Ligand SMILES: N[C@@H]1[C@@H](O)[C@H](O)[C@@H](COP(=O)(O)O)O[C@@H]1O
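Take a look at this one chain, the form predicted alone, written out in structure tokens.
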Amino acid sequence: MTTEINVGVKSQIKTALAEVNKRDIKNVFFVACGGSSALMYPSKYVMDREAKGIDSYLYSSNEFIYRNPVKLGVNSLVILCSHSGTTPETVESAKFARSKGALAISLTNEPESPLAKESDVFLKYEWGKEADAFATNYSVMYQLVFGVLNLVENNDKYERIEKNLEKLQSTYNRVLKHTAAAAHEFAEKHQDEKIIYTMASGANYGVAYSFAICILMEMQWIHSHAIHAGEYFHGPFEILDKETPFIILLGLDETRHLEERALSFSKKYGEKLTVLDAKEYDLSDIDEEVKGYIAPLVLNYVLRQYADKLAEKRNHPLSLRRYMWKVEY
């Protein structure tokens, strides 16, 4: 069954790339809201590191429309994501992109959703504990991004990243076993906290951002903020004391030094520090050349385990909402 799903994912990517091939793509816009924004950050990082001629931009869906980027047009690829495919701002962004002549490719878990119908091409990803990593949202996004780079600029990492993503589920399984006890301990220690900050940089920042605004704020009603490690010493470090909890992510990309510097300082003056370091995980299946790109996917998977344990300990289900989908906004 897994093999059939993976073949289906590859077929979807092939269809999307065929549409890209019909255009003269000069720029790529990554557009999403909330949790879906998380996969846009590492994808933008990939484009910044790998693209030689393609410009790339990252927008919140609503701002994308209001700012009306002057470079958006017939030579643009707009990549959008919404899990339900019903996020109004993202659906409108797909319409807006197409009205400007851009190619709109969306990722969603719901193929019959408004977003899927308003896009030129949609890519369905799998979701849930039974889904193989290769067919989930981060993986599908990476396959699309590296596919575009290969098609437009002859980037040679497409097949390599695809092969590594096919091994990702076994990596997830090993890492999850390794971090299970730590996730339980985190939940025990933080179940009564009113605020928890998250910090990261580079390709990992989107993971910190998503965990802060979606898991902690939206799903657990815990005050939070995603701090960029490169900005830590330009204001945010003043909030650090022995009673303030921080989650600090350490990845494997070129910006790791920023995260290490922030952690080193935090250890001097803070005590409630939870450190998730990709170097401590068994990523032996992953090629060294792409580990920096894969690390955010692994960190995100680990943090989801932390979220599940925290929600369970607090008796506050991740599905519980106060306003979202319940009142007009």
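Numbering starts at 1 and follows the sequence shown. No experiment lies behind these values; they were computed from the predicted model shown.
Separately, the form predicted together with the ligand exists; it is not shown, and the next lines address it.
Q: Tell me, out of 228, 174, 83, 225, which residue has a non-hydrogen atom within 4.5 angstroms of the ligand in the predicted complex.
A: Selected residue: 83.
Q: Of the residues 253, 162, 218, 193, which one places a heavy atom within 4.5 Å of the ligand in the predicted complex?
A: Selected residue: 218.
Q: Quick one: is residue 323 in contact with the ligand in the predicted complex, heavy atoms, 4.5 Å cut-off?
A: Answer no; every heavy atom of residue 323 is more than 4.5 Å from the ligand in the predicted complex.
Q: Check whether residue 36 has any heavy atom within 4.5 Å of a heavy atom of the ligand in the predicted complex, and answer yes or no.
A: Contact with the ligand, yes.
Q: Quick one: is residue 119 in contact with the ligand in the predicted complex, heavy atoms, 4.5 Å cut-off?
A: Answer no; every heavy atom of residue 119 is more than 4.5 Å from the ligand in the predicted complex.
Q: Could you confirm whether residue 143 comes within 4.5 Å of the ligand in the predicted complex, counting heavy atoms only?
A: Close contact is absent here: in the predicted complex, residue 143 is far from the ligand, nothing within 4.5 Å, heavy atoms only.
Q: Taking 4.5 angstroms as the heavy atom distance cut-off, pick the stretch from 75 to 83, 174 to 182, 152 to 160, 93 to 101 that is near the ligand in the predicted complex.
A: Looking at the other structure, the answer is 75 to 83.
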